[in-house]
Structures are given as C-alpha cells and as structure tokens.
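Single chain ahead, written as structure tokens, the form predicted on its own.
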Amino acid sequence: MIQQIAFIIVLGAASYFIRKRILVIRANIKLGKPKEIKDRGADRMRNMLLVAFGQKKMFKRFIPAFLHFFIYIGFLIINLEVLEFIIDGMAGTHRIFAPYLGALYPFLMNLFEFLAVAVLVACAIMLIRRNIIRVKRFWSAEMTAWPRLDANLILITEIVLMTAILTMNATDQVLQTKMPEHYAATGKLFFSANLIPLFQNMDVVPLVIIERFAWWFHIIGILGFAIYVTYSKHLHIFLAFPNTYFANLEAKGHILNMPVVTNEVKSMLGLTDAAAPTGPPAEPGRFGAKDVNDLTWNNLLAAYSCTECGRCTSECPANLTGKKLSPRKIMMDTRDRMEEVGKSLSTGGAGLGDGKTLLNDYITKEEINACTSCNACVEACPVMINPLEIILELKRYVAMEESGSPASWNAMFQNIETNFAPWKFSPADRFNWANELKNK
C-alpha cells in the first residue's frame, strides 16, 4: 500500500510538471503570427509518417542513422514495458501481464532486453563520436558547453536506464527461484541472465532491495526524462511529428512572397479583383521580421523541433567557406529568444519590450547576409525544419524597414526596379551580346 501511494504521488507530480511545461511551450509558440495550414492533408500525413515516424531523411548518413534507429525503436518499444510498470505501481501487483500472455511474455521480454542492449551500445558509440572522435559538426561555435552537456546527459541517462532494466530482470529471475510464490515466472531472459552470477549467492532481502531499487529508479528515471526533455533539444522526440506535418510543401526553390507587397503591386498594375471591397487600405504591418513575434507560429514550432544535429550547418556552403552563418545557430537563437520572452512575460516582465530583439542581439546581419538561399539546410534537415524562412524574413526587415542592406545590394535592387535586371543597362540593350554572334 505504501508503494502504491508513493507511486501515485510520483506519477501525479510528474504529470503536473509536464503539463505546466507543455502550456509554457504552447504559449511561447503562440507568440508567432497566425498562419492557417489546412491544405494537402494527405501529403502532410505522408510526410509525418515517412520522415518523423519512419526516419526517412536520417538515412542519408548511414552510421548515425543506424545508431539513431536502434535508440528510436528502443524508445518506442521498451516504453511499452512502462505500461506494465504503471499498472503494477498503481495496483500493487508484480508483472501483471505474465500470467495472461503465457509463452508470449518471455518472447516480448527478450525482445525488450535485446533493444535495451542495442540502445546501450548505440548510446555508448554516440558518446565516443561526440567526445573522443569529436565529429566536427558537434563542436561548431554555437555548440557551447550547455548544448554538448545536454546531449551527453541524455545519452548517459539512456545507458543508466537500460542498465537498470537488465539489473531488475536479473535479480527478478533469481528471486523467482527463491520465492516462486511471490514472483511470476518470466522464463529465461537471455541478456539479463548473463548478470545472474552477480546476484546468485545473495540473500533474499538484499535481492529484493536491489530489484525494487532498479524498478523505482527506472520508472522515476522515465518520468524525470519526460520532464527534462521539455527543456532540452530532445523535445524533437515529440515535436518532430507536428513539425513535419505543418512543414512547407512547396518546391524548395519557391520563395513565398509577402502578401502585403503582392497586393500593392497588383493594385498598381490594375490586377486586383474589381469586386473586392473598396476603402482605405489596411495599415501594413512590419515588413519582414525583427523579433520572434514577427515570425509565424510554425517558424517557432520548428525552433523547438530542432535536434541540433548540425546536418544543416555541415551542408551550408556559406559556413563551409568560413562565413559566420550557421543554420543550426539560427534555430537555436530563435528558440533561446522565444524562451527569454516567454519567461519574461510569465513573471510580469517587459517581454518583447526588454530592449532586445532576435535581429542584432541574437542573430547578426553578417550571418544572414552570408545566406545564398540555396536551401541546402532545408534539404539536409531530418525533420523538415526550414531555417531559410527565418533568414529571409530577417533580410526583408533589414532591406525594407532599415534600408540596411549592403551598398552593392541596394544598387542591384535599384537596377531591378528601373531596368528589370540586376545590371545597369537599358532593357532594350539586354540582348546586344547576341549581335556579336551574328558577326562571327
């Protein structure tokens, strides 16, 4: 009874903190501008199933994809065992499914143990890649002490949790032989059986303590992990699904126009709908984006969905040539600014009026000016995040609100406006180069 009460208290506390954090994240995402996304539902569902659930884009790099695959599958399937943990904790039972599943139970437990070992090995290899081999994309400038520690903490936590499962199962198997009336038979479990010699000669009391400690450690670890990931880049475990569903489905070379500018141009050219209501034009909002509230909600959702894997930055031609632009940093900065504003608002602070902005205080003009709009970062992202959308909005603000683009760009803009081309000569002379061909 004491264990049941303790378990319900722990579960209730974890649920409270998870719900509280979810509401904070939701409020932060709603800082963005509204954007209605209801088109092409079948295509969006297919993207979610193939990219988020099926890990399709991960396999462009086989080694990390192979390791991530086992961690991902292990996370999904091993957590089915947590259902038994929860029922046992609330009902005061022990391995409640064992009598009902019969011979299927040992098969499932061996499958869970295989995945636990696979997750353990994969996490160990990933730790080696990050900290000993030091794969370059994990040590870029934006990967400061906290992002590196965050990744290591998760990997180490996974290893410890998997070890707890194997320890629990090993001691449980020993107790089945010593107290068969209290411990349901699980059959032989291949992987944890290798740990049985460590516990075979122990008395019942220390065995029960170790088994219960491993049980509690695992369930508290799972609940603690669920709370922690809401503060971590590992939030992508959950948000990758809505992010891939709401991702931009247009061809990657297609850049969305600004509606207010498009309408103004159409009006000047007499292309507006004659039946449209007349009256004074609506007051235009800010051109482009200066802070997170100028971005759309799905831009902010994407910032929370970022895995910080660095594939975007490792494919960025500007970054590869030594420029300061890093698409990963763009997403990390957007998330950090969003968190800062949200925290300020929740405590009665100035929020967006704190004197800081996403542009300049987090992301510099030098960074966004280095972007060539090639979409390499968009193509590389395993969860369909689009850093280019944010970069373009920041560029638009600099060009249209501040007239702060580089002088060479302004000259190009002027030429396009007057000559319909980037070059400074009359449109009538545009084809003069072909005259040379006629004389040959």
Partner chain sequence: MSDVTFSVPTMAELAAKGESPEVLFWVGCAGSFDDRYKRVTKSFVKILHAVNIKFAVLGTEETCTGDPARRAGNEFLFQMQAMNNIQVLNGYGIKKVVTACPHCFNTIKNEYPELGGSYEVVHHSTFLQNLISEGKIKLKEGGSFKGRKITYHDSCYLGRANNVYEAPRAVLEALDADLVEMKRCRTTGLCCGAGGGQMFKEPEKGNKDINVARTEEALSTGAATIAVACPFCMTMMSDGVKNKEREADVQVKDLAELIAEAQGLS
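Positions refer to the first chain, counted from 1. If you superpose the two forms and keep the largest set of C-alpha atoms that fall within 1.5 Å, you have the rigid core. Just so we're clear, the structure is a prediction, and the values are computed from it rather than from any experiment.
Not pictured, yet referred to below: the form predicted in complex with its partner chain.
A.B. asks: Counting only non-hydrogen atoms and a 4.5 Å threshold, tell me whether T321, R396 and F413 all contact its partner chain in the predicted bound form.
C.D. replies: Yes, the whole trio is in contact, each within 4.5 Å by some heavy atom.
A.B. asks: Is it the case that E366, even though its partner is missing from this view, gets within 4.5 Å of its partner chain in the predicted bound form, heavy atoms only?
C.D. replies: Within the cut-off, so yes.
A.B. asks: May I ask you to state whether P406 is within 4.5 Å of its partner chain in the predicted bound form, using heavy atom distances?
C.D. replies: P406: yes, in contact with its partner chain in the predicted bound form.
A.B. asks: Going by a heavy atom distance of 4.5 Å, is E84 a contact of its partner chain in the predicted bound form?
C.D. replies: Contact check for E84: no, nothing within 4.5 Å of its partner chain in the predicted bound form.
A.B. asks: Flag W423 as yes or no: does it have a non-hydrogen atom within 4.5 angstroms of any non-hydrogen atom of its partner chain in the predicted bound form?
C.D. replies: The answer is yes: W423 has a heavy atom within 4.5 Å of its partner chain.
A.B. asks: Report the residue, out of I133, M268, L101, L80, that has at least one non-hydrogen atom within 4.5 angstroms of its partner chain in the predicted bound form.
C.D. replies: Only one option qualifies, and that one is M268.
A.B. asks: Only one of L155, M202, A193, M258 gets a heavy atom within 4.5 Å of its partner chain in the predicted bound form. Which one?
C.D. replies: Flagged contact: M258.
A.B. asks: Heavy atoms within 4.5 Å of its partner chain in the predicted bound form: which stretch in 374-382, 66-74, 27-35, 40-48 meets that?
C.D. replies: Selected range: 374-382.
A.B. asks: Which residues, if any, of 52-69 lie within 4.5 Å of its partner chain in the predicted bound form when only heavy atoms count?
C.D. replies: Only K60 sits within 4.5 Å of the partner.
A.B. asks: Determine whether the C-alpha of P422 shifts by 2 Å or more between the shown form and the other one once the rigid core is superposed.
C.D. replies: No.
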